[in-house]
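Heads up, the chain below is alone and in the form predicted on its own; it's given as structure tokens.
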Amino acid sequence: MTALIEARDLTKKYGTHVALDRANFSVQAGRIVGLIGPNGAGKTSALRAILGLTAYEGHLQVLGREPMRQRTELMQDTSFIADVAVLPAWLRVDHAIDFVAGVHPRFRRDRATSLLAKTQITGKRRMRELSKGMKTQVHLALTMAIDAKLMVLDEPTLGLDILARSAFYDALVNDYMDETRTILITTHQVEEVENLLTDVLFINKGRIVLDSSLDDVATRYAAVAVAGDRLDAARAEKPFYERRMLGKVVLYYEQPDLQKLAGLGEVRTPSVADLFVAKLSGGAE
């Protein structure tokens, strides 16, 4: 199957600083992919390259197109929410709908109106009158009303309270996502999105540390909470990372022998957040 996004040796430099260092990854259609990394890891540079907003070195294909050379065609099938609200304070909500309807051929006015009808936001309100959560709802309604194959979200819930974040992701999954669409999302609130994700991309220092589906994560990695008297035996199985928690030591393994580990302690599949810390702290290639 041809990947919706295919990157090989993707490199981006800002002077002497290397933001993306020969990054290799792929994204299949119909997936919800979390691009996860610490500040300065290269997440935004990767998104900007995918959206055709910055030049790069290496090979990059998005929806069968080269983003920099074919950006106009690419954006017909792509929608994007940045981490910073860009709608001007004086703009009315209904005028924002009019504007997007006038510039994007695949915008569905009826869908945007239907989505906003589920909120307390009326068309005559101006952006300066809305809370940050409401502004995000407007952005989401405008973006979800575009019939796009790829949606890119860069820290879309930054600064929102927990109720607003929950409402955002509920709308995203229940009102937008289907098997024909793909979502690529960056976020620091990993715990809130990991139940939504089908795949994860871990990035650190411009390189991809992990490119995996969550189904593969469940079979490829294991975490074991071990008491002190079994610690030497557990370390003999060559974990790639360990940390102390509540009086026990939790050890992380790749390609584990589950039968051996079961005799050493409590075995579980690590959460995305825990695996991220483990890979970047002890298991980064």
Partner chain sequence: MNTMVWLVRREFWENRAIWMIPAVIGGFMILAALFGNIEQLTIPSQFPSRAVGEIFMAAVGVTFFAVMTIYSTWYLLECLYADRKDRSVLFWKSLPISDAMTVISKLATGLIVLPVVYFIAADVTTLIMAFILSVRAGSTVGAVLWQADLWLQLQVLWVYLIVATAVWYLPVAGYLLVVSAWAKRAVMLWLILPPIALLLAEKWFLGTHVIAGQLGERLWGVGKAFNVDPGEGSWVTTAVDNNTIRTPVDVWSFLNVSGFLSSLDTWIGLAVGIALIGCAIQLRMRRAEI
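Treat the numbers as computed from the prediction; the structure is a model and nothing was measured. Positions refer to the first chain, counted from 1. What we label the rigid core is the largest C-alpha set whose atoms superpose within 1.5 Å from one form to the other.
Here the subject shifts to the form predicted together with its partner chain, a form of this protein not shown in this document.
- When you look in the predicted bound form, the only residue of K132, H188, R108, R126 with a non-hydrogen atom within 4.5 Å of its partner chain is R126.
- Site annotation in the predicted bound form: the residue of A218, L53, A29, A233 reaching within 4.5 Å of its partner chain with a heavy atom is L53.
- You can rule out all but one of 93 to 101, 192 to 200, 206 to 214, 169 to 177: in the predicted bound form, only 93 to 101 has residues with a heavy atom within 4.5 Å of its partner chain.
- Within 4.5 Å of any heavy atom of its partner chain in the predicted bound form lies no heavy atom of L163.
- Shown alone here, A117 lies farther than 4.5 Å from its partner chain in the predicted bound form, counting heavy atoms only.
- Contact annotation for L258: none of its heavy atoms lies within 4.5 Å of its partner chain in the predicted bound form.
- Proximity of T122 to its partner chain in the predicted bound form: non-hydrogen atoms within 4.5 Å are absent; the residue sits far from the partner.
- Applying a 4.5 Å heavy atom cutoff to its partner chain in the predicted bound form picks out R48 as the lone residue from 13 to 51.
- A displacement of less than 2 angstroms separates the C-alpha positions of V173 between the shown form and the other one, with the rigid core held in common.
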